[in-house]
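Taking the form predicted on its own, here's one chain by itself in structure tokens.
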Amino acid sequence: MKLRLFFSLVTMWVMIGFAVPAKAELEIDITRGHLEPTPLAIPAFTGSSAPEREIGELIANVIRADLERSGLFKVLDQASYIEQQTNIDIQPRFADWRVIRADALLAGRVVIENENRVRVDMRLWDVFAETHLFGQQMGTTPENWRRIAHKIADSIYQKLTGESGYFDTRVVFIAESGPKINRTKRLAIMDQDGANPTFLTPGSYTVLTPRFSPTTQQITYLSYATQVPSVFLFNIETGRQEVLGDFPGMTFAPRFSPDGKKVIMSLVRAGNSDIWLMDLRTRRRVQLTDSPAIDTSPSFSPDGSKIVFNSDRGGSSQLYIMNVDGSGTHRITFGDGRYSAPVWSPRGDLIAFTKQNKGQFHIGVMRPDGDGERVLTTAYLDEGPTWSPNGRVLMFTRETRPGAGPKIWSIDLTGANLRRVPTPEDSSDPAWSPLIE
């Protein structure tokens, strides 16, 4: 399977210098809830030929969609633009852009250098301060234009918010089809916006709960290919698969440690589920919990020093934290309902979780000490949150009613901007990659 195109790297990435001041006056505080979206103008990218202009419009469309989908930006209608830019090397007429109330202006140009290389130049301007914020020049193969668009969107997001972006990422998930009693479940991967969906397994056996490694190049997933629950490692770039081990009774794939050298998992032995740690090099396993209760769904803190998991040792499923060696276990949830599927934020400041209470499911977040719990979603069935690499957005699985197929949705950390992520069929168990290098 040839998947190298998914992760082909941009071959050039340089900053363009200008004589005009580079100090940005436009700033967006994304820590406040329900922000009024910042208006941006993104004209079509220029080009000296029809093919260049065609690629330029494709790139501009992806940038517009990325930024609007974040909920932080509003791209102004192109029909309202007064100035029609033909040369991005000339300073824009800022007054024309202030009239339509654009806070920032993106200007771009596409140059086809040869049949194997496209160059994209861009500049971002602060309209009201009349300053140049930054510029970039990137080159890649013609078929890889979408990655350039995502990288530009990431750069704009970072410049205007001070936070790293999340657009140049992938999501691995379970693609589902067929009747409920004989469901086909295949491992699949797509861009974070739902583009380029590709199946990674054939559908002749069931796969569940994929997880990304910190390097983005490997996925763990649970497979029933041999009728016994087995955990596989899948290399995305090469398509190579290897068995990590056979684990009868396992219901969730393991999660990677932050350094990618270990995985943590829950294993059932003699009817009892405990947390285990495995070294990927030696395959040596160490048991971390030893309780008559059900301990499951472990997730590392970003620094690798602590582990959050859910357990019913207190009578109902609640969240607990322990040190990486299994010591210092303590409970952090005491509210109504049952808590499960905790996932530590990449920023380390929050833990996302699934909560079941009074016949409904929720996705929520709380601080690692259990304080500050906030419910972000409520539905017939919401479960399995996964974090964007900047810790600002969550994806999860949602079923809106009994019998409805599962879909993937996203919501930002404030509880606003709820959106469905487009997939060609039913989908579940999303896992978000780190930023692609």
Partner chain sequence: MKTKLFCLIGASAFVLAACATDPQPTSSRTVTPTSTAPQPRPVTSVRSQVTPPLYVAKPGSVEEFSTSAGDRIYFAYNSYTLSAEARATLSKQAAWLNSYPRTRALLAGNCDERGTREYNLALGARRASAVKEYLVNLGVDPSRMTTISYGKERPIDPRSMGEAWSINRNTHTAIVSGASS
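Positions refer to the first chain, counted from 1. Model, not experiment: these values are computed from the prediction.
From this point on, the text means the form predicted in complex with the partner chain, which you will not see here.
Exercise. Mark E83 yes when one of its heavy atoms lies within 4.5 Å of a heavy atom of the partner chain in the model of the complex, and no otherwise.
Key: Because no heavy atom of E83 falls inside 4.5 Å of the partner chain in the model of the complex, the answer is no.
Quiz item: R338 near the partner chain in the model of the complex, any heavy atom under 4.5 Å?
Solution: So R338 counts as contacting the partner chain.
Quiz prompt | is_contact(D66, the partner chain) in the model of the complex, heavy atom dist at most 4.5 Å | solution = Judged by the heavy-atom cut-off of 4.5 Å, D66 is well away from the partner chain in the model of the complex.
Quiz item: Do G314 and the partner chain come within 4.5 Å of each other in the model of the complex, heavy atoms counted?
Solution: Result no; G314 lies far from the partner chain in the model of the complex.
Quiz item: Looking at 144-152, 187-195, 91-99, 209-217, which lies within 4.5 angstroms of the partner chain in the model of the complex, counting heavy atoms?
Solution: Stretch 209-217 is the one.
Quiz item: Ok, V127, M366, I156, L222: which has a heavy atom sitting within 4.5 Å of the partner chain in the model of the complex?
Solution: Answer to the contact question: L222.
Practice problem: Would you kindly say which of P292, G304, G239, P202 lies with a heavy atom within 4.5 Å of the partner chain in the model of the complex? | Solution: Exactly one residue meets the criterion: P292.
Quiz item: Do all of G271, N310 and T354 end up near the partner chain in the model of the complex, with near meaning a heavy atom within 4.5 Å?
Solution: Looking in the model of the complex, the three residues G271, N310 and T354 all sit within 4.5 Å of the partner chain (heavy atoms).
Exercise. Would you mind checking 179-207 for residues with a heavy atom within 4.5 Å of the partner chain in the model of the complex?
Key: Those in contact are K180, I181, K185.
Quiz item: Where do T251 and K262 end up in the model of the complex, Cα atoms closer or farther than shown, with a change of 3 Å or more?
Solution: Their C-alpha distance shrinks by at least 3 Å in the model of the complex.
Self-check item: Distance trend in the model of the complex - C-alpha atoms of V263 and T251, change of 3 Å or more
Solution: Between the C-alphas of V263 and T251, the gap narrows in the model of the complex (3 Å or more compared with this form).
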